[in-house]
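Read the single chain below, which is given as structure tokens and is the form predicted alone.
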């Protein structure tokens, strides 16, 4: 068993032991290594000032794939075998990278505090494409906030980057040595223990699912961590590190994402970037929701299993999973079973997960051509915002008659709510505006919204009542245009 985390940072090898392994990546970069270009502002993954590139071994083992992530909510115990590149690793005063040079020449910086995060995020975009246009930047930079420039000079700098001089990260930092050492380590478990403030802390990083299930069985109170986009915020704000952490980031079998037998098959560790790419053509309605799920830095690490297990009634993915009757595969060292997601939640933050069990896989039937499916998210901002209201509506028509209905609402109760009475009312009725208006009146009797900073209870009642009529107008217009 290994007693340290191995990380490369700007090409240099670092073995991290003891308490250091429990620190956030941004804290380690700034305090231990002096890489102060990585700025800390929000400590919750909202502003992007702390953006770094994290390279992980590709599925085929041939190279490292680099993605921008928020280093403030990534912890060193999650990052074994990765290569972290900070803004200092991209270039300096004497040899700025083409992105850095463009930001200088086109005045993309004022106070400069957010600038390193923008430079790293833009460099990350150039890992995937040969140039930066407005579409790529307006999507790829949604996780980077600037209070000075109004963004126009930043976008101008991106458009005018001299890409002929740009080096991919693999060119700047060849990965053969890193990949070779990772290959030698990948079958070993990691366990690190440290004590501070009179408390003992342990993290365990198993190499595969079998070892993980044994570890969970031995430590039933362990906190499971994959993307850490939620627990990272809680640790930063409360300064309370769990006593036992089980890290899932080295288990490749939990990262699967594929379409098979008309189902979306997702390992619990599949991240939202991978899922979005898979759903772009297969389930465009779900892709639309995923594309405004957090920001790229969050989607690159946040996982579907974490979204489900976090059990938030405002989770963007859950209404879709409910109406599609997604099946959760639950594994323990003793057993394996399947649970429909509609039966999984038993109350606020309570679910049908037995001691020692892990969500290992999610299977989601694909919508058929005969079905109408719409997903809705209402929030004050389009990007990087928490929902005030979510909904998923799935109807199957037999001519003009509704033969089947599935409706789920989020942010209107302690859990995502399947509107069973509304579904029963719709079945067998003609698909008309009047029918959907009547259904909206029934739907409001099935929810129990509260007022909070994102919206009043009354506003949520109005949204619930009207969303079914909106669905009718949108689907009727769409089918008319399509000639159906």
Partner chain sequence: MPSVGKSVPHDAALGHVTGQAPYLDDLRPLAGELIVGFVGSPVAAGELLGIDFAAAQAVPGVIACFTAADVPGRNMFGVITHDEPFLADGKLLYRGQPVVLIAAENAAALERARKLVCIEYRESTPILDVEESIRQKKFIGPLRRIARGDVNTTLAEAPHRLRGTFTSGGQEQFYLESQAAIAYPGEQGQIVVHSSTQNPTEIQALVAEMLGVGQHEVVCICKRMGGAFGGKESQAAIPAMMAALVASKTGRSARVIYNKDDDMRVTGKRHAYLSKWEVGFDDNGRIAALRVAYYSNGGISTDLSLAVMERTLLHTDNCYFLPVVELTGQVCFTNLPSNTAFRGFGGPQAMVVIENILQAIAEHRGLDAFDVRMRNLYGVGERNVTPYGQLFDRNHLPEIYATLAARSHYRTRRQEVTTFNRESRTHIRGLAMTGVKFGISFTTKFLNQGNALIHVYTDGTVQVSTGATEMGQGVNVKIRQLVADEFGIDVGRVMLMPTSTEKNINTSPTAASAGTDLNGAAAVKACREIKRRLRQFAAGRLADAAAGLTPSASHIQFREGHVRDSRRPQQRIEFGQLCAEARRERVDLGARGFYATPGVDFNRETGQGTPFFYFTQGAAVAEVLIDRFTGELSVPRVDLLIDIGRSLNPGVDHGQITGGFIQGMGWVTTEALIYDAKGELLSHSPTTYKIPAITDVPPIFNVATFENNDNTRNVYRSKAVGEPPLMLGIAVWAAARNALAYFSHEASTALRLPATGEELLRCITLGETELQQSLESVEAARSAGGIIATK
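Remember, predicted model here, so these are calculated numbers, not experimental data. Positions refer to the first chain, counted from 1.
One more form of this protein, predicted together with its partner chain, exists but is not displayed; see below.
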Legend entry - Which of 377-385, 357-365, 217-225, 330-338 sits within 4.5 Å of its partner chain in the model of the complex, heavy atom basis: 377-385
Inset, instruction - Check whether residue 277 has any heavy atom within 4.5 Å of a heavy atom of its partner chain in the model of the complex, and answer yes or no. - result: no
Legend entry - its partner chain contact at residue 444 in the model of the complex, heavy atom, 4.5 Å: yes
Inset, instruction - Spell out, yes or no, whether the shortest heavy atom distance between residue 448 and its partner chain in the model of the complex is within 4.5 Å. - result: yes
Inset, instruction - Mark residue 150 yes when one of its heavy atoms lies within 4.5 Å of a heavy atom of its partner chain in the model of the complex, and no otherwise. - result: yes
Legend entry - Position in contact with its partner chain when the complex is considered in the model of the complex, options 400, 130, 93, 343, heavy atoms within 4.5 Å: 93
Inset, instruction - Note which of 114, 72, 245, 318 lies within 4.5 Å of its partner chain in the model of the complex, where distance is taken over heavy atoms; exactly one does. - result: 114
